[in-house]
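Only one chain is shown below, in structure tokens, and it's the form predicted alone.
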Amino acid sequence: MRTGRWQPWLFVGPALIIIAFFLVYPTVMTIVRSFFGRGQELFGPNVQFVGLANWKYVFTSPTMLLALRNNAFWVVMFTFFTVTFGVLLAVLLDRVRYERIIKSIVFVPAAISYVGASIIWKFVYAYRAEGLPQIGLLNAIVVALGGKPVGWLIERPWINNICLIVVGIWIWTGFCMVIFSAAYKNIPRALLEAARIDGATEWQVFRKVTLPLLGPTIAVVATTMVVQVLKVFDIVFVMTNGAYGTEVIANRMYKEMFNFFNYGRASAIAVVLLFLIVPFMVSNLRRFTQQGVTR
């Protein structure tokens, strides 16, 4: 009996130890570190306990308030457009003759790294003063149409942030499309045909039949997109490094740690980012559990 009682722990134990060492321990130490000042060593002689000073900086500093605002803007815009475009492409391309080829083309950006995609789009947004040859694709088109070149990445407060969000949407739309396409193909065609036979238009079929049946998938994908965008870093770091009002939470955390060597502030920012992400992750896990029970 004793052997049987301990036997499961022999299998689960190594995994729990790994999780504790690589996840639980760093999380706890990061939280503890957020109450101390500068210095890499937590218990070093030059590290001072600063209490809630780092947390006060996170929620009162103009720089951090800007980063929080930008992250909120990213969450709304990025999530809405990736999910919307993903659903529309999945439904519209389902009847296209060359469906697989077109979907493969749309999915290609998802296979590109954030850094690679950021460099590509940095050339697209490249800006030179009026009168000089424009090497950026977007400004070359603007000038060819008789307009003046625009500094897309330096026009604050919203144009440059929207330009950065476009890069994220370009990368993740293909991923969303693939998930929605799989869910859409699992919808019984009899339901769609029955709605059409009853006189429903294609828009009514989409709004009253397709969307409700895709609801659980939309919720999961939207939550996943929120988690992804809350920790956005690479695009901002490569294209603007947070300049011109484009700062985000993860990029600020990087600067505090590796540029200013303020590990206490960086830890506080990391914990805030963790607290923002955890509810969405828990929501996804609960949804997966409920779906498993239902099945």
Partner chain sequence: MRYFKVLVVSLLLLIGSVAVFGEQKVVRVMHGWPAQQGEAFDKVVAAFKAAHPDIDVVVEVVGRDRPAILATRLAAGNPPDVSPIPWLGLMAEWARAGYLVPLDGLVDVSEQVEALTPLGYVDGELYGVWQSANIKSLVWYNVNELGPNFNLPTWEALLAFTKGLAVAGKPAWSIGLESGAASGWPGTDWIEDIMLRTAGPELYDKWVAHEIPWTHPAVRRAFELFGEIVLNPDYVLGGPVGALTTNFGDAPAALFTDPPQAYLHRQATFIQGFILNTYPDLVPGEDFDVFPFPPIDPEAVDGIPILGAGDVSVVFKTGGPLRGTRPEVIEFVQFLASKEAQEIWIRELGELAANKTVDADAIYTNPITRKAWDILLNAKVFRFDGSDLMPGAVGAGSFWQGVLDYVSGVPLDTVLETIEQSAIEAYGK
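Only a predicted model underlies this, so the values are computations on that prediction, with no experimental measurement involved. Positions refer to the first chain, counted from 1.
If you look for the form predicted together with the partner chain, you will not find it shown, but the lines that follow are about it.
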Self-check item: Proximity of residue 154 to the partner chain in the predicted bound form, heavy atoms at 4.5 Å
Solution: yes
Quiz item: Can you check whether residue 49 is within 4.5 Å of the partner chain in the predicted bound form, heavy atom basis?
Solution: no
Quiz item: Would residue 242 show up as a contact with the partner chain in the predicted bound form if we use heavy atoms at 4.5 Å?
Solution: yes
Quiz item: Taking heavy atoms and a 4.5 Å cut-off, does residue 127 contact the partner chain in the predicted bound form?
Solution: yes
Quiz prompt | Listed residue (162, 211, 132, 187) with a non-hydrogen atom within 4.5 angstroms of the partner chain in the predicted bound form | solution = 132
Quiz item: Considering only 201-239, what residues come within 4.5 Å of the partner chain in the predicted bound form, judged by heavy atoms?
Solution: 237
